[in-house]
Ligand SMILES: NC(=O)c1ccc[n+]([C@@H]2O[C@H](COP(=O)([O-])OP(=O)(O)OC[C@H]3O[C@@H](n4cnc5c(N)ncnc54)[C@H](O)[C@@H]3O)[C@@H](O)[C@H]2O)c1
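There is one chain below, alone, in structure tokens, taken in the form predicted alone.
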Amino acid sequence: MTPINESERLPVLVVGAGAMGGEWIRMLATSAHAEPVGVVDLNVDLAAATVASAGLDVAVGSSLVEVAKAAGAQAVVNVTVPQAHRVVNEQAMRAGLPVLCEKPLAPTVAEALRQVALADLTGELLMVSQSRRYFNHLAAFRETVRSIGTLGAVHAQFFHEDHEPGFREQMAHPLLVDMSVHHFDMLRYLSDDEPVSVRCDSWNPSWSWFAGHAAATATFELASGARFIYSGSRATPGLQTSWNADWHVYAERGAAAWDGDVTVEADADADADADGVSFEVQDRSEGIEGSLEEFVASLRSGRTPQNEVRTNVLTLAMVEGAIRSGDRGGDKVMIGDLLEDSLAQAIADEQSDDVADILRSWTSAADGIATPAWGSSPAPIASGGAR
């Protein structure tokens, strides 16, 4: 990749011109860190209309490689539907372009592992935009949670009335795959206590306008023995929570809560040494803008971002584990077993010999995702993550 000039905006190609693609393009149009130089979509007329609506005059087309070359793009922002993520990421990375990919990275953990191997093969950065990590009040809540000691239980509730006509309303698991993936990833941001198993029940309320399961409850056992208890619905017409969910954490030296918006609270044990139970809300870029800033900063510094592809695999494993448990009537699913099953499936599915060879070289899935595929030491996660 051509070195990035610190004083210049990174020229990026946006792939996907739908509703979310439009959000990215409008944000990039005014970003101090990157600029859109081209937009790709199978529907070229849609791409042209989206570009025009953002007041831009950039290259459009249906070929990632051709438009990227013509426009001089140095990176790709992948905002296609989840089923297209791997194909677009592969085209970009094989063309020597790093990728910032919208969540979820892939429909399955097996497909995600194939992308980890592809990142290994090409040496390009593949980062997942888990944009809800980038909220200043979440960063403040994170510092509070880390100051009250060993976790006992984390509770998150998400209830919303969500009307988004299109592919989401036709998904088999619109809550777990498209929304809970954010909340599960936020759990992993809040604590280094990774999930080891899950029991889940999912269903669709009788009044739901979704075709698939719009509601679920799940309990994850974490490595320390603590529990993450999650409940949610995308078809709740009253008493709605924040999009970020409503959080309560119970720990060794007290408790903390966040309403998902602007209220962070802590109640520490008066007899404990809990002087660190405090928080500061910093003013940093949020949402997709925060994700973009970390991506660009990582490319400039060579340091691994917090959502490099390998790290994100465990977030997907939480989603797939919950779905698998629900499909099995709530039986416990071990995350480690799911990862190994997924590696076997990834090897069976992969059609490219060079990628398959890398997958077969791993002693286990855990080995395959243990070391970042790109960069040096992880970028520091200060309040709100590295920027």
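Because the structure is a prediction, the values reported are computed rather than measured. We number the residues from 1 along the sequence you see.
Unshown form predicted together with the ligand; subsequent notes refer to it.
Out of the stretches listed (148-156, 252-260, 84-92, 201-209), which one is close to the ligand in the predicted complex, meaning heavy atoms within 4.5 Å?
Looking at the partner contacts, the answer comes out as 84-92.
Using a 4.5 Å heavy atom cut-off, are 17, 21 and 103 all in contact with the ligand in the predicted complex?
Every residue of the spot touches the ligand in the predicted complex.
Between 306, 236, 80, 136, only one gets a heavy atom within 4.5 angstroms of the ligand in the predicted complex; which residue is that?
That would be 80.
Scan 42, 334, 65, 48 and let me know which has any heavy atom within 4.5 Å of the ligand in the predicted complex.
Comparing distances to the ligand in the predicted complex, the residue within 4.5 Å is 42.
How about residue 182: is it within 4.5 Å of the ligand in the predicted complex, going by heavy atoms?
Heavy-atom contact with the ligand at 4.5 Å: present for residue 182.
At 4.5 Å between heavy atoms, is residue 74 in contact with the ligand in the predicted complex?
Looking in the predicted complex, residue contacts with the ligand do not include residue 74, since no heavy atom lies within 4.5 Å.
Residue 168: touches the ligand in the predicted complex, heavy atom cutoff 4.5 angstroms
Yes, residue 168 lies within 4.5 Å of the ligand in the predicted complex.
Indicate whether the ligand has at least one heavy atom within 4.5 Å of a heavy atom of residue 191 in the predicted complex.
No, residue 191 is distant from the partner.
In the predicted complex: members of 127-146 within 4.5 Å of the ligand, any heavy atom
Sequence-ordered list: 131, 132.
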